[in-house]
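The chain that follows stands alone, in the form predicted on its own, written as structure tokens.
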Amino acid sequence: MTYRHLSLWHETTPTDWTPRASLDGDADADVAIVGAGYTGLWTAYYLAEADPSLRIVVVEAEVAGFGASGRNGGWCSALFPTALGEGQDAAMRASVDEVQRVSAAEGIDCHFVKGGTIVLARSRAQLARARAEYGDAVLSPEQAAQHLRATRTLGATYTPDCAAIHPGRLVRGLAEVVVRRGVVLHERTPALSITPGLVRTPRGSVRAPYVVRATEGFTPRLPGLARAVVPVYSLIVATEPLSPGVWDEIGLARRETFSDHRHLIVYGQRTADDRLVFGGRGAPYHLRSRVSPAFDHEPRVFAGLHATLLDLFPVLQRTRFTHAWGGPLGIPRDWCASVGLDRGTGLAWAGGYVGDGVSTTNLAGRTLRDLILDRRTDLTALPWVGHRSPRWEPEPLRWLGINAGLRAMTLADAEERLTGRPSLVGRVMAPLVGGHSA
């Protein structure tokens, strides 16, 4: 497999995507990590920094950054998919700044710009939801236009706690840093099973007292974890670099990330090379949590994203769209990301980010470091630590429920455009398909 074709980020990352050596024979380690996305790499980074003598082995089924860490919308935000309280919120805000600090300290040029997030209200129903949640903090149309100039804007909300990044540059930079620090990274080495003290792969096993599962949307492939999370696809399109005149009409002068208050999540950013990257939900969930490269491209969803962008910004009518891609993200049954360590078995995990993983993975990596090193810290006391989400329903119930929910949210948005009133269907179905995806 070649990897540069996977997304805009893969194509524009100045790195060699040639896989590192696969595991060939058995190995011993102090910590074995399965998955070389953000979670696995941040965990390896902080462990190696805290104790350089640790033998850390990471195994990755493809290459570092193959999955959501290399394909997301590039939001490094303080969003957490479930409201767990001020402690979690403060930790998330700090994590955004920590990603910036490490990137600068390690020389990772991931195009980090903390311009915040502007979320538009473009119907009376969206404006009512925004006011119900944010009260007097809702911006007027004129104030919103200082950030982003889209059609039919009635108001907006803004938070400074988000940065736009180049995801591929961040994940590949992290991989290079951890290898320099002595971490052993085996690519093209899929884990066949994870059990206490052992990661089994096709050409050998890794033995370690601590084993970290960092597999996110690919978790259902592992034995015993078919219902732990569901892989839901998020798809993205990107334009050619836009001229200064077009950007004058759109805004985003500070590279703010943007969305709106519709039910079916959309998200966008202005890249460092002046492209518009825009993604959203809507792709179907596949029976039995199947994941396949064929699912990365859904022409109907790409067409919908294109149409939504033209509706937001008519100035894009003659713009060429150069890239379209997608990939799975992991969603737990209660929409609550979690991190933890079973000290009796040595099995650790982190994931279920519901698309809000760029900064949450950093928090997970620091938390796993503290748990594995048996430190009691403010991070290990956060409410998401040790959380256990219920399992998803067996098939075909989850296939029926998830896809019905996705369809219902699409209909809810259409209903609100026509009536201007909040959709009852949207309110009822929100727990099934809620959350952000960036």
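We number the residues from 1 along the sequence you see. Everything numeric here is computed off the predicted structure, so don't read it as measured data.
The same protein has a further form, the form predicted together with a small molecule, not shown here; the description that follows concerns it.
Q: Is it the case that A61, even though its partner is missing from this view, gets within 4.5 Å of the small molecule in the predicted bound form, heavy atoms only?
A: A61: yes, in contact with the small molecule in the predicted bound form.
Q: I'd like to know if Y267 sits close to the small molecule in the predicted bound form, meaning any non-hydrogen atom pair within 4.5 angstroms.
A: Taking the distances in the predicted bound form, the answer for Y267 is yes, it comes within 4.5 Å of the small molecule.
Q: At 4.5 Å between heavy atoms, is S234 in contact with the small molecule in the predicted bound form?
A: Yes, S234 is a contact residue.
Q: Report yes if any heavy atom of E256 sits within 4.5 Å of a heavy atom of the small molecule in the predicted bound form; otherwise report no.
A: No - in the predicted bound form, heavy atoms of E256 and the small molecule never come within 4.5 Å of each other.
Q: Only one of G87, G197, P190, P284 has a non-hydrogen atom within 4.5 angstroms of the small molecule in the predicted bound form; which is it?
A: Exactly one listed residue reaches within 4.5 Å, namely P190.
Q: Identify, from the list V119, A238, A91, L329, the residue with a heavy atom within 4.5 Å of the small molecule in the predicted bound form.
A: Spelling it out, the residue with a heavy atom inside the cut-off is L329.
Q: Could you tell me which of 214-222, 332-340, 308-316, 122-130 sits within 4.5 Å of the small molecule in the predicted bound form, going by non-hydrogen atoms?
A: Answer to the contact question: 214-222.
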